[in-house]
Every structure is written in structure tokens, then in C-alpha cells.
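Only one chain comes next, encoded as C-alpha cells, the form predicted on its own.
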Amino acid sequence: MLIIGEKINGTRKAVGKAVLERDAEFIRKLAQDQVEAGADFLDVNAGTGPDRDFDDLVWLVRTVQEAVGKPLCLDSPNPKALALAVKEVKATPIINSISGEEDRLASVLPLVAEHGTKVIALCIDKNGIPKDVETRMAVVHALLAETRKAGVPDDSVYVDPLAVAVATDTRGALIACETIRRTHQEYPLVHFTCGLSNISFGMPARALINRAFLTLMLEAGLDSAIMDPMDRGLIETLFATEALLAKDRMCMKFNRAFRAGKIGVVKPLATV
């Protein structure tokens, strides 16, 4: 599964402070730590508002690329900031995101088509997040019609079914999983992603809920996630579930991860 490291996000207090103060060392370390933990892409989100987002997102992109060679997921509510940032990347990025909201689609999809990027497509429209699978599928159909019209291949699209916190909707996980299954049946080349931790907002023992949700989503067909690659329990769940779902040939990834000490019992340091 494709792991998109979530931690370089200016809505997090320490990251926001680092962005405002141009603390490049902090950002570079955060990028390196996530890559070392197994991130395939790094989400970069300045999170500093429309009056600063232009400069801040470009600075983040440049700073992260100085530290690591992994491709980026460009994340901003500001299409103009995305337009500037996409010109700075060294490898094909993912743009986060388009949606069924007309303004967002009209301003971001042309960037995706022009630069040949991958794109996250959110199951949301002008009416908000649909409360059932059928309505989410209507959004998926509309979005895929637009991406195809723009010449974006299906395998460059990552549908995000949107995980609604179970604290507010106890069917949130089930609806997300079923949306993935239905989309995969109708659009077999499309990929899937989601912000895993959204499911556990407002709940105790959030890490436990996130791990259980990851298992369910992998079985449904999830092949990418915006997540914390430094969460050992989450990574253990990922390797174990992929092995059980026959998504890990001869369990080779699981065994390599175990031998590398990334999963399993943490051995205590030897004392003299």
C-alpha cells in the first residue's frame, strides 16, 4: 500500500510554528523521519491561510525536497497556491484535491491535466459529505466523468470515500468501505486513499480504532492512505493485514519488516 506521510501539516501547532518561523531544520527532520519509517509520498500542507499560503507552500516544497527524494502530495484549499507549488516539484506529485464542488473542480482539475499529476478526488459536493453510499457514488460518477473528459487516466485518480468520525456517525466506517467496493467494481483502475485518523475523532483509544479501520479498509480495497508512518502499531497492522489478504507475495514484506525490527516485539537494549 502507498503510504502518504501526514505530519507536515501546518494545522499541527509545532509544524505551523516552524512554517511561520521558517525553521527548515525542523521540517527537514520531520520529512526524513517519515521517509525512514516507510512513507512513499509526503503530504505538504502549509495551513497558514490564503494571505500566506502561496509563499509558505512553496517554501515547504523546497525545504522538504532538500531533505528527501520522495514525491509529494500537494495539499491546499487554495488553487493558486497549488498552481505555484506544482511548478516546484521534482517528481510527479499527487494534488490534494478535487471534489464535486464546482469551483474547486474548475480551478484544480486543469492543473492536474496540464501537469500530468495524480489527484485525490473527494466524495463531497456543494451539499456536503453524503450520508449514504448511493449519494457518494453519484459524486464519484460525476467526478470520474470530469477527469476522463479532461484526459486524466483513471489510474491517476485516488478516490477518497471520506471517513466520517464514528463518534458522530456509527456507520461512518461501513459507508466508507462500501463506497470503495462499489467504486472498484465500476472503475477497476481507480485507486483509493483516505485520512485514516478522521474515523476516530472524538473517541478514546484513537490508535486502536485507527488500526481496526485500516484492516477493514484494506479488505475493501484501500491501496493508499494519508497516515502517520511513525505509528508502529498502525504499520504492524498494515503488514499483517496485507499478508492475510494475500497482498504480500509469500509474506515477503512482512518477514522483511520483522527482520528489520519494524514490526513485532521491540527487543530491549542490552545493558553492560
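Note that the structure is a prediction, hence the values are computed from the model and not measured. Residues carry their position along the shown sequence, with the first being 1.
There is also a form predicted in complex with (6S)-5,6,7,8-tetrahydrofolate (THG); it is not shown, and the following applies to it.
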Of the listed stretches (178-186, 114-122, 149-157, 84-92), which one has a non-hydrogen atom within 4.5 Å of (6S)-5,6,7,8-tetrahydrofolate (THG) in the predicted bound form? 114-122
(6S)-5,6,7,8-tetrahydrofolate (THG) is absent from this chain, but in the predicted bound form, do N9, N96 and F201 each have a non-hydrogen atom within 4.5 Å of it? yes
Check whether R206 has any heavy atom within 4.5 Å of a heavy atom of (6S)-5,6,7,8-tetrahydrofolate (THG) in the predicted bound form, and answer yes or no. yes
I'd like to check something about A39: if you look in the predicted bound form, is any of its heavy atoms closer than or equal to 4.5 Å to a heavy atom of (6S)-5,6,7,8-tetrahydrofolate (THG)? no
Any non-hydrogen atom of L162 within 4.5 angstroms of (6S)-5,6,7,8-tetrahydrofolate (THG) in the predicted bound form: yes
If we define contact as a non-hydrogen atom of the residue within 4.5 angstroms of the partner, is G195 a contact of (6S)-5,6,7,8-tetrahydrofolate (THG) in the predicted bound form? yes
Counting any non-hydrogen atom inside 4.5 Å, which residue from A220, L214, V61, I226 sits next to (6S)-5,6,7,8-tetrahydrofolate (THG) in the predicted bound form? I226
